[in-house]
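Below, in structure tokens: the form predicted on its own, a single chain.
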Amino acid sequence: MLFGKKKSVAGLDIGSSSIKLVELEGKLNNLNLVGIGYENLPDTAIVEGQIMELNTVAEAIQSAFQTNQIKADQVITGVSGYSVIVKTIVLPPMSQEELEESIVWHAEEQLGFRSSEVNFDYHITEQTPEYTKVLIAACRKERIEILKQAIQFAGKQPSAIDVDTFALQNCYEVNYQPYETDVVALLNIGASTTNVNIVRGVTSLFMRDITMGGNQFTDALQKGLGISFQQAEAIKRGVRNQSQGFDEQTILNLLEPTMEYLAMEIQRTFDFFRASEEGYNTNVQKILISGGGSKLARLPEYLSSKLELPVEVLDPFRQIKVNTKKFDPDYLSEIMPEMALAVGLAIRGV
């Protein structure tokens, strides 16, 4: 147990377009939603995953806590994108003590970074008489430092920094309780990055971040229809009355090239996976999508048609008890696809 009983920990997803916050309580098989927060960010606050306006982000985090009366003192947040490296390396058989003594050297050699430039952690995923498999996650120190500053400026303390793809897997495992033979691709389509995690049962087999997201859909609508970013964003998210005056087929035609590009990148990810040792003779059976980009009308049907796989929107509250007297079901339904990472981070806090 990381903290005493009086300490509570919230999951904080600092995305390119919004802040998402979730507080849970209970045990993994009996979780309750305690608090939830959502704050939009100006499009200049975070660019390509990098915080550009520290005070703006800190104020949004603070507002998410205060507006929604979330009392947690500590937060767990996540990172993704090009400043993050996640890779499984194969080493000779060795003991835990031998690995601890040599992991820095192995990580620098196989991942190509200097340990002085990154924070990294590792986990043994498999040991046999022939080899030791180790999962390594590393992130540049300056990225970690500015995240910590944003959280501390908001009056909170970071208790851990996770990787977004792991948080997404936490959310999936608790809510879907997969069988060992289930092979599912988890996609979180954020504003600027799409996280992909291919999971068999509760074991991650392959991860990749695609450098595209919901902003590309918004840009296509903004330029094609000659409207503001805000209205294009509302049309993308299916906000009522925002698309009045625009032909539905015209909107679909504008969005299709970006949907096709996303489908191609997902297919490329599956090809990379199949070429890996873990993907040999392993087929993805289903895709679960989340994130703001997943709210795009007809995207699940389009991806399902292109990739010839069932595609569903992930429900991050599927196995979490929600008091409908405290939380508006319509509001939860509206923001549900965007809360998967925050829920996964909050689960780690529990």
Ligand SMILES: Nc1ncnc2c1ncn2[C@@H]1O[C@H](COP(=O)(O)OP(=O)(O)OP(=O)(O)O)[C@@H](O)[C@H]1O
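Since the structure is predicted, the reported quantities are computational estimates derived from the model, not experimental observations. Numbering starts at 1 and follows the sequence shown.
Not on display, but discussed next: the form predicted in complex with this ligand.
Q: Does Thr193 reach this ligand in the predicted complex if we count a contact as any heavy atom within 4.5 Å?
A: Output for Thr193 is yes: heavy atoms within 4.5 Å of this ligand.
Q: Taking this ligand as it sits in the predicted complex, is Ile189 in contact with it (heavy atom to heavy atom, 4.5 Å or less)?
A: Judged by the heavy-atom cut-off of 4.5 Å, Ile189 is in contact with this ligand in the predicted complex.
Q: Please tell me whether any heavy atom belonging to His106 falls inside 4.5 Å of a heavy atom of this ligand, as the geometry stands in the predicted complex.
A: Result no; His106 lies far from this ligand in the predicted complex.
Q: May I ask you to check whether Glu23 falls inside a 4.5 Å heavy atom distance of this ligand in the predicted complex?
A: Judged by the heavy-atom cut-off of 4.5 Å, Glu23 is well away from this ligand in the predicted complex.
Q: Based on heavy atom distances of 4.5 Å or less, which listed stretch (23-31, 284-292, 318-326, 64-72) is in contact with this ligand in the predicted complex?
A: One stretch meets the cut-off, namely 284-292.
Q: Please identify the residue among Arg200, Arg208, Lys156, Arg237 with any heavy atom within 4.5 Å of this ligand in the predicted complex.
A: In short, Arg237.
Q: Out of Leu314, Leu296, Val57, Ile36, which one falls within 4.5 Å of this ligand in the predicted complex, going by heavy atoms?
A: Partner contact (heavy atom, 4.5 Å) among the options: Leu296.
Q: Within 4.5 Å of this ligand in the predicted complex, which residues of 17-44 have a heavy atom? Give them in sequence order, or say none.
A: The stretch 17-44, when checked against this ligand in the predicted complex, contributes Ser17, Ser18, Lys20 at the 4.5 Å heavy-atom cut-off.
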